[in-house]
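The chain below stands alone and is given in structure tokens; this is the form predicted on its own.
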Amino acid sequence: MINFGYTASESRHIDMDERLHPAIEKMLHREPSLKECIACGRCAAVCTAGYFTGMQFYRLNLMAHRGLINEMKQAARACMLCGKCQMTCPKGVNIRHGVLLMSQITDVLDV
């Protein structure tokens, strides 16, 4: 085999027709506004925790849709729940409640 110095990346597409993990479905049922996130990044632009840790809500939401529950839970725990992100969201997503659910997903939602 010839080594060209690079490899193909794993596909990161999200199949919106695919059924979500049951814990994610419960989370979306408890906070339906999470479905409205358009991943614009405004929340990340004002995030104090993101400045120090790289935590970005829209990426947490993408992790949820990809089924990366453990990664989402760990990243959500960096949030300080200050609420600045919620004030900038153009879709009115209840980010604080969503992040709280994400950080406690196995405890609260019985994964």
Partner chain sequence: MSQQKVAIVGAGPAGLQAAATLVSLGVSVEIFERNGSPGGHLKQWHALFPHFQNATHALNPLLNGVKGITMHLGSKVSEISHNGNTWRLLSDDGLKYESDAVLLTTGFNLFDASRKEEYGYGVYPGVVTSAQLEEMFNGQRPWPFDKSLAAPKIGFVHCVGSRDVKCGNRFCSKVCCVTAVKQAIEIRKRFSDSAVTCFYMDLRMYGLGFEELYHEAQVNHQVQFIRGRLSEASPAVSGKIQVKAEDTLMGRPLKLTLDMLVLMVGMEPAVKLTAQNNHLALGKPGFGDGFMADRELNTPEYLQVTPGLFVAGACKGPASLPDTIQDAKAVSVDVYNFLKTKS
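Residue numbers count along the first chain shown, from 1. No experiment lies behind these values; they were computed from the predicted model shown.
Beyond what is shown, the protein has a form predicted in complex with the partner chain; the following relates to that form.
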Among the candidates 75, 44, 69, 28, the residue which, in the predicted complex, approaches the partner chain to within 4.5 Å (heavy atoms):
44
Counting heavy atoms only and using a 4.5 Å cut-off, do 40, 59 and 89 all touch the partner chain in the predicted complex?
yes
Taking only heavy atoms into account, state which residues of 60-79 are within 4.5 Å of the partner chain in the predicted complex, ordered by sequence.
none
